[in-house]
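Read on for two forms of one protein chain; each stands alone as structure tokens, with the labels structure 1 and structure 2.
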Structure 1
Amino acid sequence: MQQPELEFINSLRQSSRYIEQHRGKTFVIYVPGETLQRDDTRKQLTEDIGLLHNMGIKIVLVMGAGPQLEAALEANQLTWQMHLQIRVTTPEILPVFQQTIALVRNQLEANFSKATCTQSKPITITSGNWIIAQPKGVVEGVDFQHTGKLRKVNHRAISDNLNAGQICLLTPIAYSLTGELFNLNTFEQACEVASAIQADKLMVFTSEEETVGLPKQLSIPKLKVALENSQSIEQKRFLAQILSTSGHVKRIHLMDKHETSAILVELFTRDGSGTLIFSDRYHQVRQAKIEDVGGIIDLISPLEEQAVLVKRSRERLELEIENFIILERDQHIIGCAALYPHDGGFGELACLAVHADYQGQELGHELLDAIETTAVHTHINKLFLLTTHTHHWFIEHGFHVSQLNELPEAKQAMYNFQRNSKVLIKAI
């Protein structure tokens, strides 16, 4: 088989479990105007969203139109008046605003119609008056006029449309209960809508300025630290909005707005393309089962080859699987550890490993904690281990270097002098 075919098959294998995982889920996708400006990127994005839709994912698409509006105003010799870095929408600007939003929306609808050719089922997109707006009002003496803020989301109407198989499109235009038209910030709208409909994911195409310094995954406590440490007002404002949304939406994905394919990479590969903010536990430690043996072998065999871990046969692993715990992320084993009880209140910690891609995130620490908890429950009060490469890590985690004769006799008899491992013990 040719290399490209092999790569294709491998990526299909990797992505297939995500297809099942995402089916029936609701995603809110925020796309800023920059991402929709170019014909080719808009075409690619609509095809990808169409693909997600036909996989059974319910999609609310929230579109911005910042650069398109700038260009249209310039062509009409108009400019935004700004206050507190927010645009003031005057009655003179309103017709250009309405025309431009309609144009961008038409372009998107046209692209979705075209994308239907690449899909087995038609892709239908709909929009409506689901967002109730209210005036932003007069702030510090400046009247924001037709710049509004979100008052209420008619989440039932959105859900009904999603359940009827429509992609729901939201634009910056929303109306008040008095029928007045307002210009709403679409990123804030995406966050509010995702919260109101309790979306499974909020996916945000964003800028480098807003994501600079963020790691690939961020728990809520770490997001708070990033917010506190951020030096830029723009990033602070962005992260504060994300933080308030994270209380309602379990997973928020931040993707580069210049990378339209990021959405598929984010959803169908293990490590995604951008930053994932999660409020649920992104991984779990659990008791290993016999079906996990293959995954454990994949994880530990490189370490066995480097002689960091002692070689274990598949048969031995199968027999001893009840001694193992694993760390699982998206149904993929990224860490493991084993506990073997011995006489005299001793327990042996063995085969502690975290996949190289995930080291340094305190996952090793989490596995050790889990082993210690099990040990305590099984009346073990001294944990020991033999290691050739990692004794410093264990010392930093409360172990001390000991002598062979301090170990249970049965273990002393099995000691491999050629390997010359260090003996470490921790009272628990």
Structure 2
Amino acid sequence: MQQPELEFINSLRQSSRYIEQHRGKTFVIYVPGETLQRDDTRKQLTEDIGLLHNMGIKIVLVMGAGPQLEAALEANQLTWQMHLQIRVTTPEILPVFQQTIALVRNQLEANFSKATCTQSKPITITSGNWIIAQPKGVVEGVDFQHTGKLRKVNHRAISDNLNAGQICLLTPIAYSLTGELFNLNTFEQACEVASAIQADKLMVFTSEEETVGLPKQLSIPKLKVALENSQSIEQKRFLAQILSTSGHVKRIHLMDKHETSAILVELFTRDGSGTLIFSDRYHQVRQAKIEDVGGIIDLISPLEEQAVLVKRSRERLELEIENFIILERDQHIIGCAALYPHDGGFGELACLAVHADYQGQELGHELLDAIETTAVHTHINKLFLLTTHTHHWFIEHGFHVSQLNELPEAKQAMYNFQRNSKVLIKAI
């Protein structure tokens, strides 16, 4: 079998569980105007969204049109007035605004019609007056005029359309209860709609300026730290909006707006292509079971070959599996550790390992915390370990270098002088 075929089979195996997990779920996808400017990226995006739609995923698509509006205003010798980094939409701008949004929407709908040819079922896209707007009003003496903000979401109407098999499209245009037209910030609109309909995922195509310095996964506490540490006003506003939304949407995906295919990589591979912000538990630490032995072997074998860990046979792992905990992400074991009780209130920490692809995310610390919690519950008050490579990390986490004669006698008798392991102990 050729390498491309093997890669395809491995990708299919990895994606199969995600296809089933995502079926029937509701995603809000925010697409900025930059992503829709070029024919090729717009074509690719609509084909990929059509694929998701025909997999049974319910989609609300929120489109921006920033650069298209800039070009149209320049062609008509008009400019935006800005206040607090927000555009003021004047009555003179309004006709150009309406025409430009209509053009971008028409291009998008045309691409969806064309994408139907690549799918087994027709792709239908619809929109309506589901967003009730209100004026942004006067701020610091500046009247924002036809620049508005979201007042209310008709989530029932959106849900009815999704359940009828439609892709729902939202644009920057929204109306007030008095019939006035307003220009809404589409990113904010996407976040508020995702919250209102309690979407399973919010997927945001965004810029490098807004995501610079962010890791591939962020819990809510770490998102708050990133917001506090950000030096960019643009990024602070972006992260603050994401943080507000995270209270209602469990998974928020941030993707490069110049890579339209990122949406498939993000959804159907284990590590995705961008940054995942999660308010639920993206991974779990749990007691190991006999069925986990194969995954533990896959995890620790490279470290055993490097002599970082003592080699363990499958038979030994099966016999000692009750001593192990594992760290699991999407049914894939990415970390493990073991605790062996000894006399005198001692417990031995062994086989602490984190997969190389996931190091640097404090997962080792999470495993250590779980081991210490277990130790306390089983009346162990001193942890010890033997290591040849990573003693500095353990010292940073409260262990101190000790002597062999400080260990339980049974462990002293089993000490391998050829390995010359350092002895570390921590009181808990």
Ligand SMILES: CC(C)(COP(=O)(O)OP(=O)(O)OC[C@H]1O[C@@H](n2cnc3c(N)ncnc32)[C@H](O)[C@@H]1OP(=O)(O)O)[C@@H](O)C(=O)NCCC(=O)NCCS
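Sequence positions of structure 1, starting at 1, serve as the residue numbers. Keep in mind it's a predicted model, so treat the numbers as computed, not measured. Throughout, rigid core stands for the largest set of C-alpha atoms superposing within 1.5 Å between the two forms.
One of the two isolated chains is the form predicted in complex with this ligand, namely structure 1. Superposed on the core, the two forms barely differ at F27: its CA moves less than 2 Å between the two structures. Put the two forms on the same core and the Cα of G360 is off by 2 Å or more between the two structures. Once you line up the core between the two structures, the Cα of Y415 ends up 2 Å or more from where it was. In the core-superposed comparison between the two structures, the CA atom of G345 travels 6.4 Å. Its Cα shifted by 3.6 Å, F324 is compared between the two structures on a rigid core fit.
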